[in-house]
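In structure tokens, the next block holds one chain alone, the form predicted on its own.
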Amino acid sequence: MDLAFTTQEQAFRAQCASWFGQNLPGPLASMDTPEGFEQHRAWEKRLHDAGWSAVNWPRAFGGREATLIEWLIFEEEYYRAGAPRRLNQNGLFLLAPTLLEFGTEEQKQRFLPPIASCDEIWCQGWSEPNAGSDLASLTSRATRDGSEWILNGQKTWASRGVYADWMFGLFRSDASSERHRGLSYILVPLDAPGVTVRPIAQIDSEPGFAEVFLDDVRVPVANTLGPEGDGWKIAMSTAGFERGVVLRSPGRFMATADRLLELFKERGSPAALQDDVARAWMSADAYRLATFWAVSKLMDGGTIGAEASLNKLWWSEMDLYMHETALRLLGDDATLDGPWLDGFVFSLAGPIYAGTNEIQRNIVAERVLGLPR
């Protein structure tokens, strides 16, 4: 991997930085409130109108056909500028890459442009009350009735589900199947008759998640992503994007590491925490270099498989470590520092979502290291 950026890539970085310098909004309310949701949607539309919503997508779907290296550069400048969290990350970073890989041309034309423009917000319908990390035990059903599916069941922990327009989910379409077999990946409009969305309050009382109940919901079979019954394979592709480089780019963590370094200097550089701060920053930088290596591999025609689980272990535990270190630096002031405290609370979820880290260690042991079950 060549660690030097090309003249074109350097120009792209300067263009990104210049645009953010002129267009960054002021502080926005929480996206889990009605006011904040609309503020974040307005920001997303400004990004889209300027061609920055989905920089590495084809132009036909709202992108600017940037390379994956340029996308990483964009992400670095986005987080360096302190830009708002992305409202439609489930659509942009999870569903969209899956659509580009498995979707029909009609599905791409129908769904990708409104994802890029944030006209349609998506949530993920995988987890169920008795099927979290053990996703293959899900029981929500899809029964074929001519050209329609009839959906029944319950999904939970749907991020942004309260405000979402659509949900992508896994359903058991073969009633006689077990575990990973006989599942279909179906796109569900949340305004369809028979859909009930119930908010789940977070620790801050805001509805960051939702339960989605489906009672004889009719959805066109044309909304099936990929072949019927092949949903597990397609879902694992989505999970690879979630655990790998797409959902959690290194720019996010380098921005946190740089803030941590500034905090260390502000607090008088306490010697007792010097090694911890250095370890946190080096870990973020190593993750950045590893991601550039992985993206270079993809651009050369390679693939990323089970090693995405290693990636997820890395960024989730690193994020938690950086925020724990920050709170130790703040000491008695920790509860008064909103950004660091909020970041710490969110980082606690990292080892849980996208597949718990216990499950990821099993995957690494079996599929990467080849250890016996």
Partner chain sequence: MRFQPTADQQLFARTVRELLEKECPPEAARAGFSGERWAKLREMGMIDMLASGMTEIDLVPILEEAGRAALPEPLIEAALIAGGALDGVVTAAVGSRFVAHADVADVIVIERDGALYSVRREAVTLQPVETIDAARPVFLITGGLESGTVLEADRDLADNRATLGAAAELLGLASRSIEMAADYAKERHQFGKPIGSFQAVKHKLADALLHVEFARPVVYRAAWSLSQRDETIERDVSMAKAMAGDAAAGAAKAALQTLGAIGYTQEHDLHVWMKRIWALNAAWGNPDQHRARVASAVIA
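Remember, predicted model here, so these are calculated numbers, not experimental data. Positions refer to the first chain, counted from 1.
The discussion below concerns the form predicted in complex with the partner chain, not included here.
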Practice prompt. Considering the partner chain in the predicted complex, find the one stretch among 175 to 183, 104 to 112, 277 to 285, 146 to 154 with heavy atoms no farther than 4.5 Å from it.
Written response: 277 to 285
Discussion item. Going by heavy atom distances of 4.5 angstroms or less, which of Met236, Ala192, Met299, Ile200 would be at the interface with the partner chain in the predicted complex?
Written reply: Met299
Worksheet item: Which residue among Leu313, Leu330, Met31, Leu341 has a heavy atom within 4.5 angstroms of the partner chain in the predicted complex?
Response: Leu313
Worksheet item: in the predicted complex, does Ala14 have a heavy atom within 4.5 Å of the partner chain?
Response: no
Discussion item. Check Ala290 for me: does it contact the partner chain in the predicted complex (non-hydrogen atoms, 4.5 angstroms)?
Written reply: yes
Discussion item. Whether Arg85 contacts the partner chain in the predicted complex should be assessed with a 4.5 Å heavy atom distance threshold; does it?
Written reply: no
Discussion item. Since only the chain is shown here, I'm wondering whether Phe264 would be in contact with the partner chain in the predicted complex (any heavy atom pair within 4.5 Å).
Written reply: yes
